[in-house]
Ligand code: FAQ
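Before any questions on binding or motion, here is one chain by itself as structure tokens, the form predicted on its own.
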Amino acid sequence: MYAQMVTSEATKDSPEKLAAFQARIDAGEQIEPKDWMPEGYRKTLIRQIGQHAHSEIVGQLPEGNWITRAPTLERKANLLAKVQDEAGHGLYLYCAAETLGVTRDELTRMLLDGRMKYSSIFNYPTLTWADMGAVGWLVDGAAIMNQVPLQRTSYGPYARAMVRICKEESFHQRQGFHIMMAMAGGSSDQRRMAQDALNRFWFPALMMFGPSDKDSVHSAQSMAWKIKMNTNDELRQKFVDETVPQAEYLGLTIPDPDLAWNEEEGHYSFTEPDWSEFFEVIAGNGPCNVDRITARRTAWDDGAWVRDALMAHAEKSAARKMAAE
């Protein structure tokens, strides 16, 4: 229904309609599924929400690998609950994307054939239990930094989905920090594992905010439409400023020899990530890209019979309802 409505209207992007739409955005109004929107706005939202949904689903893979190997029953239960949350986040976001006229099946096909991506961070391996702490502390911490402003994004279904997601992500971040506290305050081996996890995940976490503003293709228009509320570099700087004191509290060292407090600017100066590595990972050449996509493709193929059965059941139910009428 939404697909037909939006596609027909998208051919009528007159200057007057575009100006009226932008005036609504500038006034702080939220756009709802049945409202008129420019085709570019719709496509940008599909790309962003779809990639966000895929990231939540793919993000379960490195964590699910540790559920049976977590050191205590409590840690197992906590990690299992977190993975369950991530699955729910993916479903909320797929539902939000569906209001834009795209099905979750279409989104999955776009992921599997390379037309759509997911967060680069999930293409790095989780080698030790300390990595579960680093993922919760750094990765979910970066996710919160990205996602809290999205509660004010201009598209209503996306903004509303983010309210619950952000509440649950804050729990995930605290869970990760608690793991790092235990590791950093434990034996010399545990402390070494915690520092190693920080060393490996620090720069990939900085990459989660996207490329530098000067190299970001979509940021300017997304900011104008208030799909994004902050630039990549603004969020990255805020993440560094908030995370460095946390590392100091843990007694761990950020793996950046150039990290220093800039009194004049009121921020930490830090080394930019290796953007060539970022673009290599995005292109599919990261340590775990093949494994992640293979896992998603296997799940898609193995679940075909379930989808077929559900469709057959829905068709039979609809036929019985029509016959009864």
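The numbering used is simple: start at 1 and walk along the sequence shown. Predicted, not measured: the structure shown is a model, and the values here were computed from it.
FYI, the form predicted in complex with this ligand isn't displayed, but the following is about it.
- This chain is displayed alone, yet in the predicted complex one of 240, 150, 96, 107 has a heavy atom within 4.5 Å of this ligand; that residue is 150.
- Think of it this way: in the predicted complex, this ligand has a heavy atom of just one of 183, 198, 161, 139 within 4.5 Å, and the residue is 139.
- Put simply, residue 225 is far from this ligand in the predicted complex: not one heavy atom of it is within 4.5 Å.
- Proximity of residue 169 to this ligand in the predicted complex: non-hydrogen atoms within 4.5 Å are present.
- This ligand is not drawn, but in the predicted complex it has a heavy atom within 4.5 Å of residue 218.
- A residue is said to contact a partner when one of its heavy atoms sits within 4.5 Å of a partner heavy atom; residue 207 meets this definition for this ligand in the predicted complex.
- Comparing 118-126, 189-197, 244-252, 99-107 against this ligand in the predicted complex, the single stretch with non-hydrogen atoms within 4.5 angstroms of it is 118-126.
- Although this ligand is not shown here, in the predicted complex the stretch 286-325 places no heavy atom of any residue within 4.5 Å of it.
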